[in-house]
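Below you will find one chain, with nothing else, as structure tokens; this is the form predicted on its own, and questions on how it binds or moves follow later.
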């Protein structure tokens, strides 16, 4: 009987020890190091405008539909898409007729809104949703096709808009992993900040 209680005692102490280490000290250490070394990422990669208002996160897509914004990938997250509380895909397979109909509809809409011919080649990410439904990135090819529309809607030189696209393009991780991609959230944020800058500091009158 004494051996049983001794085993219970050792088990309890071991559980308590690992609970303190793994459920207390280790999370606090990771939390502290993250805020020390990567403060922006640790706080959600928030996008804060000049007035101090949080506009979103660089990690989570939003549904931009106005012509003066770059549009993200389609989303199946939630009933209306882009629901950060209901991340997920459509689960429609490659043989799904519903998926084929969705893609055909998205193709027509994408070509129409960007002034493309009916036979224009469109990147896959422009008409297919990501697995999470919240992917903030699009391909550089997708951004390039949208640039003329955005420039025209905002009254900006197209080259200036393309330069913003370049600045918000991420290269392959370590040069080998993944594909180049453009963060739509930071790109649209940069466009709004550019507009806000010109509103606050108009060019001198001649």
Partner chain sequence: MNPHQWLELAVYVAALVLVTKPLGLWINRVLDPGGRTWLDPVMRPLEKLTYRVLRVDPAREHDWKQYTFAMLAFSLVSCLFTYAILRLQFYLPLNPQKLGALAPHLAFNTAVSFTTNTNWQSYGGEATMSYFSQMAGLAIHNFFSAAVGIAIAGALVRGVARQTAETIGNFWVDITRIMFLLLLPICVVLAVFLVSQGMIQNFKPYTVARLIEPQTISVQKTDENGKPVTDAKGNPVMVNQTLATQTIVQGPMASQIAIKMLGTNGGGYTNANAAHPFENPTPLSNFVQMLALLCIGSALTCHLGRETKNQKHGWAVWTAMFTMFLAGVMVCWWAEARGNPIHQKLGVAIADGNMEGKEARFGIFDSALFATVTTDASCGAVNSMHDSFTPLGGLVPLFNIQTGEVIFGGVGAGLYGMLIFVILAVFIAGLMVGRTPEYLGKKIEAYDVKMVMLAFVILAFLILGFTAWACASDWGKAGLNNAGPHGLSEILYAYTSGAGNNGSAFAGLNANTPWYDTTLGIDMLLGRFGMIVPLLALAGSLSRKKIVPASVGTFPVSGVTFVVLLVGTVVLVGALTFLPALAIGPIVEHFLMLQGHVF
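If you superpose the two forms and keep the largest set of C-alpha atoms that fall within 1.5 Å, you have the rigid core. In this text, all values refer to a predicted model and were calculated from it rather than measured experimentally. Positions refer to the first chain, counted from 1.
What comes next is about the form predicted in complex with the partner chain, which is not displayed.
### Query
So in the predicted complex, does any heavy atom of residue 10 sit within 4.5 Å of the partner chain?
It does: once the partner chain is placed as it appears in the predicted complex, residue 10 has a heavy atom within 4.5 Å of it.
### Task
Indicate whether the partner chain has at least one heavy atom within 4.5 Å of a heavy atom of residue 115 in the predicted complex.
Outside the cut-off, so no.
### Query
Hey, in the predicted complex, is residue 195 touching the partner chain, heavy atoms inside 4.5 Å?
Residue-level check for residue 195: no, no contact with the partner chain.
### Query
With the cut-off set at 4.5 Å between non-hydrogen atoms, does residue 61 touch the partner chain in the predicted complex?
The answer is yes: residue 61 has a heavy atom within 4.5 Å of the partner chain.
### Query
What residues in 52 to 89 sit within 4.5 Å of the partner chain in the predicted complex, counting heavy atoms only?
Counting only heavy atoms within 4.5 Å of the partner chain in the predicted complex, the contacting residues of 52 to 89 are 53, 54, 55, 56, 57, 59, 60, 61, 62, 63, 64, 65, 66, 69, 73, 80, 82, 84, 85, 86, 87, 88, 89.
### Message
Given a superposition on the rigid core, I'd like a yes or no on whether residue 32 shifts its C-alpha by 2 Å or more between the shown form and the other one.
### Response
Where the cores coincide, residue 32 still shows a C-alpha shift between the shown form and the other one that is 2 Å or more.
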